[in-house]
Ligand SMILES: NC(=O)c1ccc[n+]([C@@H]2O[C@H](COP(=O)([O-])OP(=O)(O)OC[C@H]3O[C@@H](n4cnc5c(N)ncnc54)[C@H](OP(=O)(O)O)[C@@H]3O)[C@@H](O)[C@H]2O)c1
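Just the one chain here, laid out as structure tokens, in the form predicted on its own.
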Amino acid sequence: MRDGWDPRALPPLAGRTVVVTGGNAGIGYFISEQLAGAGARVVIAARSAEKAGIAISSIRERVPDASLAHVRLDLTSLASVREAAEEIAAFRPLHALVNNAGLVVASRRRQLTADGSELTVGGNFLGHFALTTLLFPALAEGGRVVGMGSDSTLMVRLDADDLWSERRYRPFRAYAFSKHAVQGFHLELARRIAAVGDPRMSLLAHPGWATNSYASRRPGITDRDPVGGRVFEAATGWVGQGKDRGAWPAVRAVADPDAENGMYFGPSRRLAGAPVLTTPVASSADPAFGAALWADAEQRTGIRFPV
């Protein structure tokens, strides 16, 4: 890997199409803005057309010639995922799919997706599994799938037998489990791609502790948090970085020409810093967990992955 990667000087991405789930807010917004600034066509896949419109207007204020589109996507509904995948596939070939969207603050009580799975793991992982499965044939040769991992996997030990919180539910536990699943899926995908000699890649990135309070101001985007959230971020965000910098690891996973299948990028100082190679927690990287997770996801979605 080349040292000294500069996230402020991305290589030209003209002619490439990148899909960013949740690209209308938070870290996803800044991923979209930064990739559009390097010339990529960015497809923002998100539930709210209104918020996507605000994000597109904001990006165009900074990148007047940006090529942007919105596709409605609700990751907690497999029907919505199927509809979105069909619409997104029309933009083929896709050069990257950034599986960024997700619930960060889980519900106090266990809730279910439209298809009956625990909501946090269902939305953060299972919806992305289905979307990736459906879009994989549209991914260009050498294209990349980038998952958003989390340091929460270091704080909550994985209980693979209770991934869906059927025995015990705690909000942060469910969130961490969802990120164990995201990491396990993308690492299993990397192994399967390598095993068949497919030139496409599966990578991971995590943002560290990234807040809107310490991000570059984007009206209508970085100021949407509830008052309580803003106070919390202002009080704690100094140990991390803004969401604009939290986007850097994912942007590197998309744009670095030297990136390789299975790599995981994160901030150099764990919570903040330039994007560098990092290592996932061992339980997420366990091939046995990855294989079992994959089989369960195919059963729950009714969709078989083409590798």
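The numbering used is simple: start at 1 and walk along the sequence shown. As the structure is a prediction and not an experimental result, all values here were calculated from the model.
We do not show the form predicted in complex with this ligand, though everything after this point is about it.
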Q. Where, among 186-194, 134-142, 84-92, 69-77, do residues come within 4.5 Å of this ligand in the predicted complex by heavy atom distance?
A. 69-77
**Q.** Contact flag, Ser150 vs this ligand in the predicted complex, heavy atom cut 4.5 Å
**A.** yes
Q. Is the gap between Tyr169 and this ligand in the predicted complex 4.5 Å or less for some heavy atom pair?
A. no
Q: Although this ligand is absent from this view, report whether Ser284 comes within 4.5 Å of it in the predicted complex, heavy atoms only.
A: no
Q: Decide whether Asn100 counts as a contact residue for this ligand in the predicted complex under a heavy atom distance cut-off of 4.5 Å.
A: yes
Q | Option touching this ligand, based on a heavy atom within 4.5 Å in the predicted complex, out of Arg224, Arg173, Arg110, Arg200 | A | Arg224
Q.
With the partner left out here, which residues of 22-50 have a non-hydrogen atom within 4.5 Å of this ligand in the predicted complex?
A. Gly22, Asn24, Ala25, Gly26, Ile27, Gly28, Arg47
